[in-house]
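Here's a solo chain for you in structure tokens, the form predicted alone.
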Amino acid sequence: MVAAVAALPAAYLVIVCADDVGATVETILRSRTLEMTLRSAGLAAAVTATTVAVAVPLAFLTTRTTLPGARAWATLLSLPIVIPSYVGAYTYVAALGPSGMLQDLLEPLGIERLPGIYGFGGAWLVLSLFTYPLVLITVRSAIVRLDPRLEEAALVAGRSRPEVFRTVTLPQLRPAIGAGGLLVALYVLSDFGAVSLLRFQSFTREIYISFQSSFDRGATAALGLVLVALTLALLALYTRTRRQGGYYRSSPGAARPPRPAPLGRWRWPAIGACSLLAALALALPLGVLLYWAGKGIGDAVDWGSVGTAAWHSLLAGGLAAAVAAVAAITISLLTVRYPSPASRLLERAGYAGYALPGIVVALALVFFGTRIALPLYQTLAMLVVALAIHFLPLAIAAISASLLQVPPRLEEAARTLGRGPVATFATVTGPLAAPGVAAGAALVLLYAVKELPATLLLAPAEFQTLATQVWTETTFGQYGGAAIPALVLVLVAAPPLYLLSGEAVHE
């Protein structure tokens, strides 16, 4: 049932394309379609490789070392996840563009023009900075579950700490790294705001142009089917990184907290690296937003409206996170504990809505809502379902990576002692997989509160969120007014991120 609901956007595309199969094939086989596919795949590969290279060391630093203020760093370095990509791209253009703030500061020194930030390089930089937390949060959750005995045994055997990380720790993190990398790649494929502002010709931008220029649902659906095919290819690749193996402890005895690795002389370089990343991914965009907010404060600010939008964002996002987490548990348990072609098919159906642009997911819900579930159209329930479908893979990836580290023998022992499957999950599997469930729910919450297209199309009348408020203000060129709800969006997301980062500390 979960997979069927999650597959509604893909089913919508198939239904639309079936009206004119010839036109669909013609659209897919165009040279322009192939070009956009290769460009988007190249950008997704570059961003994914960068985020993994950045996030995996950070996850280890903030969970397994004596890094000063590890919990605070974990929160700060996860906060960029709440900044919408289009807002992040706008702040970078405003700060580093040819006529940006930095150009104004350097002009008295004789520097008349900075290098352009547009194109592939700018899209790669901005998307990497605002998507690496997807890998960071997922890998941190996995590191919490690692048994330190293997690493300690390798150290006793004479291996250095870098060798232990490369040969012992890293292989155990492979499912989590694959899950986080998959989420990043799918996000890049579906992003529209950042690539548009940075003038990079991507596949999703082509879909939006096709829809807006001609309102041709057939051509838009055909291009959407190509994104679904790319998603299936990425899922097949991810499945290869998640081969069943020793991802859980098989030795008897209780797990114990690991002994933090002393950084020694590497303490200050580690702090410097964290500071540089925090400056690029958080301080710079927040600084630009504060600059515009300072200008907006001079105008009349309707704080009541901002407060209501914040409550609406938390309400819709929280409900979507709860629904997605419960739905993801069913899919994850099936695929991890009972791997088969059928379970893999259901898992891939669950991922179908994530690689599609939000407007395609929303249009699919509009299509089915007006024909099958008219009483739910433009209600909070419909919006929650759309958000849960769109971001369900965020929860599936985190929960699956966590379940892979739960020893099946513990569940088998509980069943042998007479507990049923529900009681076994409630008392054994659930508590052990709790970090992954929390990480998945937090990811859905953080992405749901900033979702724009689905909210615009499906939200009830007068149900304005922080994301729609930012969009409304920027539409009319009120950047000062847009900066204030954008900053509130960051403040709203900080507490759950702080609690999530603290879970690894206290585990």
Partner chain sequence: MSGIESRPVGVDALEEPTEPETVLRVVGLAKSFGEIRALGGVSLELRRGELCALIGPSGCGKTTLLRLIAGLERPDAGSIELQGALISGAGVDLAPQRRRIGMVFQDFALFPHLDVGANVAYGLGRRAGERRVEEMLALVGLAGAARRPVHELSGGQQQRVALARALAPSPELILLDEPFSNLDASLRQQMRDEVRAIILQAGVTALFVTHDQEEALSISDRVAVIRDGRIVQLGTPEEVYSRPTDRWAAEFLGEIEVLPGEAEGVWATCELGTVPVREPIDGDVGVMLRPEAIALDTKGPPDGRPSVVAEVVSRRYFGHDQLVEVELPSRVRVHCRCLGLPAWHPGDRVRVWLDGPAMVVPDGPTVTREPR
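Numbering follows the first chain given and starts at 1. Everything numeric here is computed off the predicted structure, so don't read it as measured data.
Not on display, but discussed next: the form predicted in complex with the partner chain.
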property	result
4.5 Å heavy atom contact, E152 and the partner chain in the model of the complex	no
Interface membership of A414, the partner chain in the model of the complex, 4.5 Å heavy atom rule	yes
Non-hydrogen atom contact T427 with the partner chain in the model of the complex at 4.5 angstroms	yes
In the model of the complex, G121 touching the partner chain (heavy atom, 4.5 Å)	no
Contacting member of G116, G318, P421, P339, with respect to the partner chain in the model of the complex [4.5 Å, heavy atom]	P421
Contact residue in the model of the complex, chosen from R409, R71, R199, R166 - any heavy atom within 4.5 Å of the partner chain	R409
Partner-facing stretch of 378 to 386, 428 to 436, 81 to 89, 305 to 313, counted where any non-hydrogen atom is within 4.5 angstroms of the partner chain in the model of the complex	428 to 436
